[in-house]
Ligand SMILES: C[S@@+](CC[C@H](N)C(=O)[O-])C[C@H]1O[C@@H](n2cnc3c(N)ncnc32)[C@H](O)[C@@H]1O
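The chain below stands alone and is given as structure tokens, in the form predicted alone.
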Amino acid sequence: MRLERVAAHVPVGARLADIGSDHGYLPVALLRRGLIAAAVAGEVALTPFHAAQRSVRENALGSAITVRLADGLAAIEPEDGITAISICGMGGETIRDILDSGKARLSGRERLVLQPNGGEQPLRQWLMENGYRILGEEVLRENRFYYEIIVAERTGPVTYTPEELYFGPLQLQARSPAFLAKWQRMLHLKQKTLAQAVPEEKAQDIARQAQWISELLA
């Protein structure tokens, strides 16, 4: 379901770079449905790299999907003409670091479709600092876990408040049932943490977040 929702945010006809492609499921599914023009599947580890190669071969998509063994955005070459980049299933800080260290490979015209496993706040901070506006956000629950999808494009200067960076600017407006359920659970976890012995500075931070969440849910 998570990959289906990510797929829904990839523009039709895009030239997609799927970074950390694992088995290459996303580009293979999109190409089989005729929804994208071409794709690059980038993988830094050998086992998933071979798995992606196998998926592409078994689906006879070798002419449309290029599988590359590369670190992050190093998988992208200028001649690929990439118009969308998906990075899914890793921590928000890791996604941020991939984008930051690969900045030279970004033309600024790509749509970013990001699915962090936690660490959304630092990722949104990077997007804001680099002139990316958040155009789409979604929270979904799968196997007891809550996942977020963040869609962004570079538009020039954009400013978000600390709360918007924490919760997501569009999530704050939409307040979907999954979003509210996620933060109810988070509030419970923060209160549990505060009941334990935590360093003063950290406790202040968690207390502020708990207050934000309480206000949100009120």
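Residue positions are given as counts along the sequence shown, with the first one as 1. The shown structure was predicted, so the numbers you read here are calculated from the model rather than taken from an experiment.
As for the form predicted in complex with the named molecule, it is not shown, yet the points below apply to it.
Visitor: Select from the listed residues Met186, Val44, Leu31, Ala178 the one whose heavy atoms reach within 4.5 Å of the named molecule in the predicted bound form.
Guide: After the contact test, the surviving option is Val44.
Visitor: Just one of Leu106, Met128, Met90, Leu140 has a heavy atom within 4.5 Å of the named molecule in the predicted bound form. Which one?
Guide: Result of the distance check: Met90.
Visitor: Tell me which of 189-197, 58-66, 151-159, 44-52 has residues with heavy atoms within 4.5 angstroms of the named molecule in the predicted bound form?
Guide: Going through the listed ranges, the match is 44-52.
Visitor: Do all of Asp22, Asp71 and Ile98 end up near the named molecule in the predicted bound form, with near meaning a heavy atom within 4.5 Å?
Guide: Yes, each of Asp22, Asp71 and Ile98 comes within 4.5 Å of the named molecule in the predicted bound form.
Visitor: Within a 4.5 Å heavy atom cut-off, is Leu3 in contact with the named molecule in the predicted bound form?
Guide: Leu3 belongs to the contact set for the named molecule.
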